[in-house]
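What follows is a single chain, given as structure tokens, in the form predicted alone.
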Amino acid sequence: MKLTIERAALLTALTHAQSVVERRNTIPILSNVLVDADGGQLRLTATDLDLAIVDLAAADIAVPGSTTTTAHTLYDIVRKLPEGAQIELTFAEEADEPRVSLTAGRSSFLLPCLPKEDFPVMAEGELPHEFTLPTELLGNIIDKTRFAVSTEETRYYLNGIYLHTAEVDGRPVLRAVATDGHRLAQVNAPLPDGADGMPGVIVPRKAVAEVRKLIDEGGQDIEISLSESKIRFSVGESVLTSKLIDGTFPDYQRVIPDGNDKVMEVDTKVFAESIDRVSTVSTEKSRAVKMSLEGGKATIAAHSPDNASASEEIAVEYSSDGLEIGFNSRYLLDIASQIDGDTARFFLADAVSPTLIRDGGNADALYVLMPMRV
């Protein structure tokens, strides 16, 4: 194999590949990226057995061929080369000790290889459900839900975003839901052509994170294909395939309150800044703040075990009976950061029941937050 490629093109492809490769691997081949040069293109493949990414980059191929080499080292080398550098990659299979040679200007590197035959291939099978979403819309769906994805491995079925079809006022929608048991985020989007009849699937959080990175770089639509066990995202020159979480997402609609009769409306920016300031004195572990509602004001307060305290009053629209309720400040700030409109509407019941939060500027998004004892 012998090829020449521009640094920027190789770096973009390697950025995606090295992100999928785990830094600590007990299986050596999984630390490598599969490098395949043919037909004027360099094809890079990386996998962790649950997730695989394939990236294409234009290259001048003098001698076609393929091998595998260490992903993170190759990425670090290319990242540190000067902008505009022309990189030459060479691999001689018949050598006594096969290694990849990389030269750029006056720099040269030799990297170890492992046999390409050992590189695992993820079998996709049939992906019968196919639809297309604008990258901006998918990015919005991910941002508004992924902060609520659980990181608790024992409840593995909560370790992703639940993507499924639903109906709102007689219109079909594509719905994404995430919850960690303390908070829940739900967002609806118009149902795209081809998504009708798709199974409900749980997309793992690592796949969600990798797709979000691809969206940041591509302005095109993203093609999604899925079955009950796998999902594939195609955007630009990148194709990401992931196994789905094999589990049943809980009946999330049971925890969305519909009878909360105490309504508070507040300026989102003012509210978030106040929570952020007051929570400075709360403990790192609980991050608790107490919200006291009375008339047209909310008093936000926090205390710490070493007797530090803080409080702040903000104006709100609230006309129900007085109420004191505690929340995790970090969770409140996560939700506030995803609210598009100028105002947030809180639907409360009492100090121990779930609170429903709606976005004044986006009827398709809602959030549920469990209160804390303060």
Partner chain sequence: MQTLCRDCGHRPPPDAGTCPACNSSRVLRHGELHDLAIAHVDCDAFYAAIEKRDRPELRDVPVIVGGRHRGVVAACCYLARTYGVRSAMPMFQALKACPDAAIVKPDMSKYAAVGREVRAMMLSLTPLVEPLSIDEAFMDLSGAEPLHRASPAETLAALARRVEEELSITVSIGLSYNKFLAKIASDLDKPRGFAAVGRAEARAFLADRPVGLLWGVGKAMQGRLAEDGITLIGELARVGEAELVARYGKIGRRLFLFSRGEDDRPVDPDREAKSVSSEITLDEDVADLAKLRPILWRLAETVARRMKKAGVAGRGVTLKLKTAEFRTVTRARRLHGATRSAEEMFRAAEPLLAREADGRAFRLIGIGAHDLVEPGRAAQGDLFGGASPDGGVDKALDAVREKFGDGAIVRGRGFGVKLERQGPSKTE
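In this text, all values refer to a predicted model and were calculated from it rather than measured experimentally. Residue numbers count along the first chain shown, from 1.
Same protein, other form: the form predicted together with the partner chain, not shown, and the subject of what follows.
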| property | result |
| --- | --- |
| Output flag, 65, 125 and 237 jointly within 4.5 Å of the partner chain in the model of the complex, heavy atom basis | no |
| Proximity of residue 290 to the partner chain in the model of the complex, heavy atoms at 4.5 Å | no |
| Exercise: residue 347 in contact with the partner chain in the model of the complex, heavy atom 4.5 Å | no |
| Residue 155: touches the partner chain in the model of the complex, heavy atom cutoff 4.5 angstroms | yes |
| Non-hydrogen atom contact residue 182 with the partner chain in the model of the complex at 4.5 angstroms | yes |
| Residue among 31, 311, 328, 343 with a heavy atom within 4.5 Å of the partner chain in the model of the complex | 328 |
| Position in contact with the partner chain when the complex is considered in the model of the complex, options 72, 99, 230, 303, heavy atoms within 4.5 Å | 303 |
| Options 250-258, 293-301, 83-91, 270-278; stretch whose heavy atom lies within 4.5 Å of the partner chain in the model of the complex | 250-258 |
| Residues within 4.5 Å of the partner chain in the model of the complex, restricted to 189-214 and counted by heavy atom | none |
